[in-house]
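Let's start with one chain on its own, the form predicted on its own, as structure tokens.
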Amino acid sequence: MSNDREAILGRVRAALAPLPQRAALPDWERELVRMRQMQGASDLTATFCARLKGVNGTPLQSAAELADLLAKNQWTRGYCDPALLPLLGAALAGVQVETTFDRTRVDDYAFGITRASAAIAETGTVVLTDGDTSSRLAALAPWAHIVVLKRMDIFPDIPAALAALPADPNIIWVTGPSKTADVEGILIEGVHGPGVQAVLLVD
């Protein structure tokens, strides 16, 4: 009996373990996913911000705007990627910030601040990878997820982003707050993940 249990649990663990390498992309028609009205857009940052607002995301242009967002919502405790503290230290003054996400206290965190690897202008999507996201749980569990994104990492469309992404086996694409319309087609945000998705743009 014990051997059977261990065998079953071992198969479950193996199925849940990170992939050793990213699976190959399926064959697909690149032009099908490009928005025609987006072709020729030159200001990727402006386009990304407009599209992010379109999916109920919040673009932030400065650390001061981040401080205002935290104060306005009374988010006084959260997680921050330790590598971002030199950049955001002043904005986080007066806020209790932890640099290790304790999964046993998941309800104690009002916000999580992580880094994005890239973004897609035409959809307002941010891309999280294992290599750049210090804590996946901090990005997915708190009510507010704040992503720090370099403007130079904004790509115009999905094919351009796919071509530039690193070889991380696990990549998450986030387009606005978590949402579902499973019940009577009524859109509800923040059900399966963050209810607030903010993106702080930096140079």
Partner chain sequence: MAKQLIDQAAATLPADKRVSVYQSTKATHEKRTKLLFDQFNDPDLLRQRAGEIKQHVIENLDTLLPAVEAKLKANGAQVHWASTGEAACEAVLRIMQAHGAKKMVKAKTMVSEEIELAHYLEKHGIEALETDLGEFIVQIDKDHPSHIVRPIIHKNRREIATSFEREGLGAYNDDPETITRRARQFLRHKYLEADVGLTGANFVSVESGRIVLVTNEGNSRFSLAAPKVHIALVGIEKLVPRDRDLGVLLNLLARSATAQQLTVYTEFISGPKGATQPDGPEEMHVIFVDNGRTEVLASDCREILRCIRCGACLNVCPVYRQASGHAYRSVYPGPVGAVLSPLLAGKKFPELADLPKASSLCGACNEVCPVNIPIPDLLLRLREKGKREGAPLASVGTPPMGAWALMASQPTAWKAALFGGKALNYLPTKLIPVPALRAWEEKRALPAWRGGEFRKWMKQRRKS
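So that the term is clear: the rigid core is the largest set of C-alpha atoms that superpose within 1.5 Å between two forms. In this text the structure is predicted, and so the values were computed from the model without any measurement. Positions refer to the first chain, counted from 1.
We do not show the form predicted together with its partner chain, though everything after this point is about it.
Only one of 162, 67, 44, 50 lies close to its partner chain in the predicted complex, with a heavy atom inside 4.5 Å, and it is 162. Using a 4.5 angstroms threshold between heavy atoms, residue 61 stays clear of its partner chain in the predicted complex. Although the partner is absent here, residue 122 sits close enough that one of its heavy atoms falls within 4.5 Å of its partner chain in the predicted complex.
In the predicted complex, its partner chain sits within 4.5 Å of a heavy atom of residue 130.
Under a 4.5 angstroms non-hydrogen atom cutoff, its partner chain in the predicted complex has residue 103 among its neighbouring residues. For the partner-free chain shown, 162, 165, 166, 167, 168, 169, 170, 171, 172, 173, 174, 175, 176, 177, 178, 179, 180, 181, 182, 183, 184, 185, 186, 188, 189, 190, 191, 192, 193, 194 of 162-196 come within 4.5 angstroms of its partner chain in the predicted complex, judged by any non-hydrogen atom. Once you line up the core between this form and the one not shown, the Cα of residue 21 ends up 2 Å or more from where it was. Here residue 12 counts as shifted, since its C-alpha moves by at least 2 Å between this form and the one not shown after the core is aligned. When the rigid core is held fixed, the Cα atom of residue 151 travels less than 2 angstroms between this form and the one not shown.
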